[in-house]
Structures are given as C-alpha cells and as structure tokens.
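Form predicted on its own, single chain, as structure tokens, below.
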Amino acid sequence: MCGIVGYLGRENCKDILLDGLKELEYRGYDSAGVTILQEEFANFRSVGKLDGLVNKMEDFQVEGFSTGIGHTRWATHGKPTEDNAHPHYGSFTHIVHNGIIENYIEIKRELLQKGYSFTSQTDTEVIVHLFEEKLKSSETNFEAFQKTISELDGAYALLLITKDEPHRIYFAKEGSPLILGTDFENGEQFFASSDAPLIGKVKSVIYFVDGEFGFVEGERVTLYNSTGEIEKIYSQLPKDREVAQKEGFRYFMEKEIYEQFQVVSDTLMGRVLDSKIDFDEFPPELFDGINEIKLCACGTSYHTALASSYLFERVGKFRVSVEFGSEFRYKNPLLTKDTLFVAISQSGETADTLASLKMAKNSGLRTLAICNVDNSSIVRLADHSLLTRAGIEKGVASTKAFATQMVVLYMLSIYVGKLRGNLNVDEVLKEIQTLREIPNTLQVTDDLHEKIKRLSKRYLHGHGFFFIGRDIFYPLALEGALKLKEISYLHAEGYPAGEMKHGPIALADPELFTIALLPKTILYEKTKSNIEELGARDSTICVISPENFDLADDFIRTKPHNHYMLEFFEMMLVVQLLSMEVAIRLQNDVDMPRNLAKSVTVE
C-alpha cells in the first residue's frame, strides 16, 4: 500500500511530484523519495512523513523539460531507512515500485554472483539491477524492460527512467494500481497509483489493467500486453479528491473491506511457498526451548489472538495462552523463560500492549511483534516482528488489519507445527492450499453486498444483538459484535453458542437479534441445536451459513468450502458488511465513530 507518482514535461516537476505524494501520503508514510532527471539525476530520500522530503528539496530548482518519479512508502521488505526508501537506482537507471516481488531473493542471489552490489534490504532494488543486466543482451532499453518484467513474480506497479532516454518513462502493472493521465496539448504525462494526484492536471486517464506495460514519450503513449501493442482507452476522472481517495466507495471502511482480498494476497506473498511457510523476519532458533506461546493484544487484535489460539493448538499442536494487554500487567503473571511473548497491534502504539511487551522483555522472555506499522514502538521494542502488510487503515473500526493479522497468525501456527514435527507433509500441504484460497474467499460480490444492504433495514431497533458461534467462530462472533458496537452504537454481545443456555438466553425475545455463525465444516449439528434453542424463545434470528436453515427469520448464504478457515474468512466479510450497512442506515459516520481513536495510546 505505497504511493507512486511520475511526471514528464516542462512544468515544475518538483512541485508536481511533491503535490502528488501529498495526496498519496495516506497510502504510506514510513519514508518518501523523488528522482528528477534533467541533464543528470537528482535523487532525494527521507525517512518519516513527507515534510522531511520537502525540507530536503527546498533549495532544489527545476528549469525546463524534466522527467521525474516519486514514492511514499509503507514498508514491506526492510525497515524505514533512507537506503530502503524509493526511488532505487543502479548505474544509470532509477525506479519506483509498489507491490511485492515474490522471487526477489532468487533474483538477488543471481545478481550478487554477477558482481552487483545492493544498498538496501528491499525487493525493489533487484528490479533496477536486473534491468541493467538484461540490457547487456538487448538491442534496446525497451527490450531489456520487457525481459525484466517477464522474470518478476508477484505484484508490481513500477516506473523506470534511464539516463540515456531522458524524455521517456517505462511503466508496468501487475496486481497493483497504476494510472496514466496525458495532456496532449502540452505534451505532458502524469502517473499515479490513484486518481487524487491527477485531479486538476488532466481530464481523462488510462486505468491500466494487469499485464499491461509500455512507455510514454512527449504526448505519445505506447501500450502493450502479452499479445503485442494494444489500443489505449481513456476514462474520465472524478472531480473530488476525497472521493478519488475512496475510489468510488462511500466510506474508507467500505473500501478497506473490499480491498481485503488484495492485502491478504500481499501478506501471503513470499511467505507461502510450495511446501512450507517461510519467514525471513526471524530465525527458526527463536523457538528453541519454547514450550508456550503467550499472545497479548487489545480490542480487535485480541480477537485475532483468541481465534488463532485454536489454530496453534489444533494445527500447530502447540500450547498457547491469550492475554488482554490492559489486564496482563496487573495479574502478577507467571513468566518463564520457555515462553515466547507475542504482542499484536495494528498501530504498534497501543499503550496497554506496549507496556505488557516491556514487562515481558524485562522478565527475559523472547518477544515477537505482529504489527501493521514498521518502525512503531512495539516493532522497535520486540526482538523480531512480522508485518501484516495491510496498508494504512483510515477507518477507525478495524477490518483489513483483522484479516491480515489472522492470516499471519494462521501461517505462524503452520510454521510452528512443521518446525516442531507436529505436522506431516500432507497436513502442511492442505493448510497451504487453504491459505492460497483465502484471497478469493474475500472477494465481495454484488449479490452478497446487495443482500446485506436489504437485510440491514430489519436491524435498526430492538434491545440488542447476540453474535454467536462455536470453536474458532466464537472469537469471530466477538469481533462481529465489536464492529456493530463501534459504528452503530447499538448494544451487541458475542457468545459461544453453547453458553447461551447458561444464562444469556434469558434475554431472548422478538426484539433480541441473533446473528448466528453456522459453518458446515465444524460443529454444525451442535451449533444448529443452539440456534434452535434461541428460536424456541422467539429471538429474531439471522443465520449465516452455506446450508439452508428453515427456522431462520433471515438467511445469508455463504459458499460451500472444504476447510473451516475459508468459512471463517467469508463469514468475517459478512459480519463486517452487515455492521457497516446497519450503521449507514442509522446515518452514522462509520469512518470516525464517536468516542474512539484509531491508535489507543493511553491506558
């Protein structure tokens, strides 16, 4: 979830690039950089928010025609440092890149053997050196560019400029957004990874699709795909910048729900291999002598910790305990050196979780952070960290951070199970295949969303909600209830479905709405019986299941799956959408709900 911009023309390239990056800073603010090519390259990079880069470039002047590229970074490979900031460069080539190159380690190994040196930890730097290597066996820069992108596996949107072609920008798109705007009258070209930087600069744009690549030169655009040169199709830009940032969605929360399939794909890239899970962020020795994993988190992150505890014990066959960050320090916890302490936080600044991590460190425990923000306090303090790669989440109520945390913890449970010999080859392959199917499960269909929109009008009144589920679907019920509370301000509780008869069922009546998670692959008959108990007490019931449920007042059908985790992620999508649509009908601001903040930095 980084941002890129590019410009070719006679206007002030520096101002155009910096203004464009400002519009994209919501996509990444770990570091930023710009390269401008006139007679020579001028490269500026800075850690932190964009202001640092602006200050560095204060005295730099651009005169006449120039070519430039810029980038604002959300770190995936390598920490936020100037060396890791974009643009990256070789001997005569500079590049900016969004996405993740899955096979960068193999490419880097080959390039190192050929004498290339690297100054960063990023996957992006391999592209620029690979291009310069391919040029040795190519007649033109374009041929070398084609050869380069043909060897890249993964996701990318990239812009590349070379010193010997100062009036040309090469581009390619696969899995990450890239847009081109052309001013034919003035012979100017503008690139960006979303609409917002282009508004006011051009009136129409090309939205590139996966597999398209080419170059621009003056007002000329040359566009290719695997079949050869293709026709260019221009579309009209929206006129409002915030609308452009939302990319057509009503709220950032809605956009973030829809992009979960993409960020989960990013989270999996380079970590899910053919027959194993690979984390290069920590050594296997991290688990030497470890007999327990202690997961510590707050809010939504606590729900991912609780859900993953089922995975660590069932899949990894490893002892795990789960702690609230706000409670952990005050219980005088028994901490032993054979425990790995795992802190989970979207922001990396959650005060309660950070304080608990400090306690664990002071007690001599090995520590691991699972976080969405590199260089955050929790990441800096922990011995090692796994980034969730969700990108910036602007909606206060977490959605894609929950999804990516779940995927990272799922991968970690498989990794630990294989490392300890608790999973055989066939079991590992089964779980890996399930991981690969999760992104498709997270695609929001028009039919599903429309169904939920229609149902939402039934759930605006009454005296509360029960979200119920069993096994790993119980923490998902907790998360569904939390989402509804956060943005609709309606009372909601999550319960294990089997616990309803132990007291909570006393509340059941027609004005109590029950959202029941009924997966087919795990405890189906038992959960069904629990739902029927509520139905017999006249609770209004909405069942989410791939199987018909005749006694339900409302029914949301999910797809049939052969693994409970695929059902988990699809039902996650449903409860997120339902909570959002109820809140929208109540005319609430779902992005900025009352009394809440995105990063809870107080106890």
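The shown structure was predicted, so the numbers you read here are calculated from the model rather than taken from an experiment. Residue numbers here begin at 1 and follow the sequence given.
Quick note: we don't show the form predicted in complex with a small molecule, though the next part is all about it.
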Which one, D374, E259, E486, E431, lies within 4.5 Å of the small molecule in the predicted complex by heavy atoms? E486
Only one of T367, N84, S347, S326 has a non-hydrogen atom within 4.5 angstroms of the small molecule in the predicted complex; which is it? S347
Does L476 reach the small molecule in the predicted complex if we count a contact as any heavy atom within 4.5 Å? no
Since only the chain is shown here, I'm wondering whether S398 would be in contact with the small molecule in the predicted complex (any heavy atom pair within 4.5 Å). yes
With heavy atoms only and a cut-off of 4.5 Å, decide whether C298 touches the small molecule in the predicted complex. yes
Given that the small molecule is not shown alongside this chain, does L482 nevertheless sit within 4.5 Å of it in the predicted complex, heavy atom to heavy atom? yes
Contact segment among 169-177, 276-284, 408-416, 339-347, judged by heavy atoms lying within 4.5 Å of the small molecule in the predicted complex: 339-347
